[in-house]
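Below you will find one chain, with nothing else, as structure tokens; this is the form predicted alone, and questions on how it binds or moves follow later.
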Amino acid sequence: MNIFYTYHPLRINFLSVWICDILNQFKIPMKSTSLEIIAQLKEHGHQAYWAGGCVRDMLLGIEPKDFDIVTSALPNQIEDILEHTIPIGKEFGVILSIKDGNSFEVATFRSDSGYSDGRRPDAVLFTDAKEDAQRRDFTINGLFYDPTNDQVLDFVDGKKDLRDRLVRFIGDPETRIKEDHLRILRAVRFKNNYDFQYHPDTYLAVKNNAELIKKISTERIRDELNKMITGNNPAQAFEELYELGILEHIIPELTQLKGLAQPLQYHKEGDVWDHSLRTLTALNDEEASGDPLSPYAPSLALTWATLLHDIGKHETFQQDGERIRYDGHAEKGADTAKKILKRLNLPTHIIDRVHWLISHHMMIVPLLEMPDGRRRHWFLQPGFEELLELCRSDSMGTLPKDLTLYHKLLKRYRSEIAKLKLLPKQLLTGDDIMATLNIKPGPIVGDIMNKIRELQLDEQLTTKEEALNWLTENQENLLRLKEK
């Protein structure tokens, strides 16, 4: 099968991929469907195996999320044999197969030649299973499994490294990294997500080539960081990103927290960097909280907000006669986090939620002290439960830990939120306010609506008629506010 394909830009049928996403909502279990695809390929005389991550996870006792398939069939043969296919990377031997609402990457055995862009091979040579294994990144990802004969095919000592819990590059580490610079981040992610160790050669190669990460596209870096921060051991992963010299190239703002002093009256856990990582660990530590608010995994926005919640302390550090202070660090940190996440091309709705959470992460004391109506208004904010989780984690990331205020606020929230959600919507619309006060659209209308809502939540206003009367009685003061 010495068929040589030169490199062409990867072409993706985006409409077909979108259809795949819709079909995945109605899918039959992937494992059984992938077995049918393997059977189809074998019926036509080809070898076909599960490959990579699904084999690794099965051997670790983890349920695979997807099932990639490798085969001796050439791309054209794959398309002829399987019913619905998309040539997402046909130049590289990769065909997407759609079956029973699931999508599977089916790839021809190949070896690669030259990586001038540090990502894709300049050319591929279709070959056999042994050579295909040799081109992959880590030994634990270079395993194949034949489900028909219940046989693991291991050409790279991957089983041994799984046993010893080692992340080790296949072959020469420097060569593997130069083929695809993203492997620098993937090494850190796999090591921490699976609670493994680095093989010494892997560690040195990653550290010596850390600067190459600057050549990787922002989107690929973002995707790896998202998997890292929502996986196992995220705090340790970011500690190693700093230690290996990677973090300074992707989020240099975070490295400024290393060695940044904190007031010892309130923080005995170490510097701001130590506190940030302890807070990130606490986010997933439900048992330690004693009374977790949410039994589900934290959202991506909450996780990023937790890591970056004190990012503003570097720019606001100051000393006075009493202690170290960071006045305004929440607002400054929210803006800095927004710049970081924009640079990483995260979705706008996630960036906006992170900005809101960091802006208000110091709200526990004000919330306990503000009037009932105003506090209830906060309770109904879409991100309030995540804000509570951030406050809990922040408290747990501090030594000495003190969750007294958090539990006091949580108790109030739980006692009121069910009742508040049953309240009717805003008593007056913007049109009602503009007509009554004879004013034009503007920010003042929203401010008045919020004030009326607070009075409603405080049970001072209960009907539309009462709200209109209040509006008329306070018209002079409200219009004076408009002038300001």
Ligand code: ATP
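Residue indices: 1-based, along the sequence shown. Just so it is clear, the model here is predicted, and its values are computed rather than measured.
Only in words, not in the display: the form predicted together with adenosine-5'-triphosphate, which the text now covers.
Heavy atoms within 4.5 Å of adenosine-5'-triphosphate in the predicted bound form are found in exactly one of 415-423, 446-454, 30-38, 62-70, that being 62-70.
Note on the partner interface in the predicted bound form: the residue among 278, 136, 313, 199 having a heavy atom within 4.5 angstroms of adenosine-5'-triphosphate is 136.
Contact with adenosine-5'-triphosphate in the predicted bound form, judged by any heavy atom within 4.5 Å, is made by just one of 401, 374, 325, 220: 220. Of the heavy atoms in residue 189, some are within 4.5 Å of adenosine-5'-triphosphate in the predicted bound form. adenosine-5'-triphosphate in the predicted bound form is not approached by residue 155, whose heavy atoms all lie more than 4.5 angstroms from it. The closest heavy atom approach of residue 309 to adenosine-5'-triphosphate in the predicted bound form falls outside 4.5 Å. At least one heavy atom of residue 183 is located within 4.5 Å of adenosine-5'-triphosphate in the predicted bound form. Shown without its partner, the chain has 52, 53 in segment 30-54 as residues with a non-hydrogen atom within 4.5 angstroms of adenosine-5'-triphosphate in the predicted bound form.
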